[in-house]
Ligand SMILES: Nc1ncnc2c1ncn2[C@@H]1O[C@H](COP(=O)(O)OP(=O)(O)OP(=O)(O)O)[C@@H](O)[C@H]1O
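Starting off, we have a lone chain in the form predicted alone, written out as structure tokens.
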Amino acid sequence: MAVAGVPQLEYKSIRHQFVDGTRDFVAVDGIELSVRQGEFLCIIGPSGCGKSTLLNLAAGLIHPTQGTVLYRGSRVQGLNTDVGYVTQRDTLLPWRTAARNVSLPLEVQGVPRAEREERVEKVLELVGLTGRGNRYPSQLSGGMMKRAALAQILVYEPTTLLMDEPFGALDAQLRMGLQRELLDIWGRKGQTVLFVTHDLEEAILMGDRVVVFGTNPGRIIHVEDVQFERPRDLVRLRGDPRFTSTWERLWSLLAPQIKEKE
């Protein structure tokens, strides 16, 4: 899906330092990374290595201490409204139905009611929630809530999805189902995806490339091109010797970083 030679997002000589009043720490340093249009890029590394910082920089929620973040060739200076951000935490409002939660970004944009309803209905169908739009979050399963949260982002058609461990709290069966759903949606829509995960298997199964982060400070230590053809059978691929060798190679890089963090 990635379009060669067309950078959607670029990190140039990025260093970001947080000051929290009692201590200063460098979250990431020396980040050089170009993300191609339509690419599914996975980012993996130990907790606290700056993976989420990269997403926050792309969204314009924070700005680098040094260096430049470019989106489609323009410097990110304020909030980047061309991206959609999906977090691990549930963000649905409990007093709104699933459909009204999904509709919220369109309401903020002032989209007319008839158009809102049409777009919400289509995106609920896209994520597999047809007929469940009238349910409140308390009436949804964990998997359904994740689908609704994804629909809330997709409904305003961002060109890039920033996903911060969106499936991390789910059991293995639900996670695999949502992985398949996301890859199917991405295959149809062609959006650029930056996907942060702690799960090396998930990163290899889903990504066009896997960016491995080191710690102290957060930095890129390796970028792996994942050569498996698409569409991918996530069950069969796990038994492929190429998957095993890729996993072992990346784990040999990742394991020392995790041990250093402990």
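All values derive from a computational prediction rather than experimental measurement. All residue numbers are counted from 1 along the displayed sequence.
We do not show the form predicted in complex with the ligand, though everything after this point is about it.
In the model of the complex, no heavy atom of E181 sits within 4.5 Å of the ligand. The ligand is not shown here, but in the model of the complex it comes within 4.5 Å of a heavy atom of S47. Remark: T97 does not count among the residues lining the ligand in the model of the complex, judged by a heavy atom distance of 4.5 Å or less. Although the partner is absent from this view, F18 contacts the ligand in the model of the complex, with a non-hydrogen atom inside 4.5 angstroms. Judged by heavy atoms within 4.5 Å of the ligand in the model of the complex, the contact stretch among the candidates 64-72, 48-56, 231-239, 204-212 is 48-56. With the partner omitted here, the residue from V35, I31, V193, A27 that has a non-hydrogen atom within 4.5 angstroms of the ligand in the model of the complex is A27. Contacts to the ligand in the model of the complex (heavy atom within 4.5 Å) from stretch 82-119: Q88 only.
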